[in-house]
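Okay, so here's just one chain, in structure tokens, the form predicted on its own.
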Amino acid sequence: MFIASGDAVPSFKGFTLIMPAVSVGNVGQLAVDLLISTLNMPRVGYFHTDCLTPMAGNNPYTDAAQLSTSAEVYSHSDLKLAVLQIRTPIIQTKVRSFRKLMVSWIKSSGFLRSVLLSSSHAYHRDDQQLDGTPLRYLLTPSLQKEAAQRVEELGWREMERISAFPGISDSEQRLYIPGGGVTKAFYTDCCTEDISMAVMLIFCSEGDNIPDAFALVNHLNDWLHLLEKPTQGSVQWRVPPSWRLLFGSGIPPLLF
């Protein structure tokens, strides 16, 4: 359940929700970190649920003495933007319950649209997916009317359906997002529940996925215009201080 940080429950009516999928390279979560840090978004609530691995830690965006937990919501009222950051994996036996929780919260909160940032294993691409940009998108039928023309103008590529039986028969096509966590199932849920949602994902491999996060968040900004893009160069995203420890704290000099 969603619990507000303050006394009053925030209203998200007409807001855009951005949330990550826990997927390969944690690209969606890194991209959400860049959004929260750059827009200096305050925390307005968190989720108390047994569907996520429990976690508590320091504030990843400032030096303030504030605990962070496994799922927190940040808001920017001027942009009518809400961001859900998920920091821990979904417990395997609770995946369906978590999807139901998210669908219920999105519908009850009155979000105008939702965006799921995700990723997929690059080595699972088929021949048609090897060409061009590694970025892909999906739109639910409810969002098609509003956003289809805009994404076409941007030249985005829709996630391809691939053969269910490659090399045998191409008559049956399916949506395949390996490494995407709940992406496919959650997208299907939103289609069924008539929720306006877009999936934005990037093909990548595990490793240093910071460049992938920048690529994904810039792709998102091309559509939503959350930050003004300069005439030359790209948007200057603010890297949160917690990223200094993405690869640990370094090799102790006493080892040598």
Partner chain sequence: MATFFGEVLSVYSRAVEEDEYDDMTNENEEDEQIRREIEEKRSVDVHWLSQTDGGSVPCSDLIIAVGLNATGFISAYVLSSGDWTAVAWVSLWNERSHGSGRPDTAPGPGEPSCVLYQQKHSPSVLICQCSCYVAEDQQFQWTEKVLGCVQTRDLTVTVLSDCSIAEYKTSDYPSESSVPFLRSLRTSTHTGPVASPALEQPNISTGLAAAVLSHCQVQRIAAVLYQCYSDVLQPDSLSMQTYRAAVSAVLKLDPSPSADVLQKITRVSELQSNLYT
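Positions refer to the first chain, counted from 1. Predicted, not measured: the structure shown is a model, and the values here were computed from it.
From this point on, the text means the form predicted together with its partner chain, which you will not see here.
Within 4.5 Å of some heavy atom of its partner chain in the predicted bound form lies at least one heavy atom of Val22. Pro60 belongs to the set of residues with a heavy atom inside 4.5 Å of its partner chain in the predicted bound form.
Contact annotation for Pro134: none of its heavy atoms lies within 4.5 Å of its partner chain in the predicted bound form. Not displayed here, its partner chain is kept clear of Trp105 by more than 4.5 Å at the level of heavy atoms in the predicted bound form. Only one of Lys80, Arg157, Arg125, Arg96 comes within 4.5 Å of its partner chain in the predicted bound form through a heavy atom, and that residue is Arg96. Interface residue among Leu138, Val151, Val73, Val182 relative to its partner chain in the predicted bound form, by the heavy atom within 4.5 Å criterion: Val182. Candidate site formed by Asn26, Tyr176 and Asn209: every one of these residues places a non-hydrogen atom within 4.5 angstroms of its partner chain in the predicted bound form. Heavy atoms within 4.5 Å of its partner chain in the predicted bound form belong, among the stretches 143-151, 106-114, 88-96, 126-134, to residues of 88-96. Contacts between 222-256 and its partner chain, taken as any heavy atom within 4.5 Å in the predicted bound form, involve Ser242, Arg244, Leu245, Ser249, Gly250, Ile251, Pro252, Pro253.
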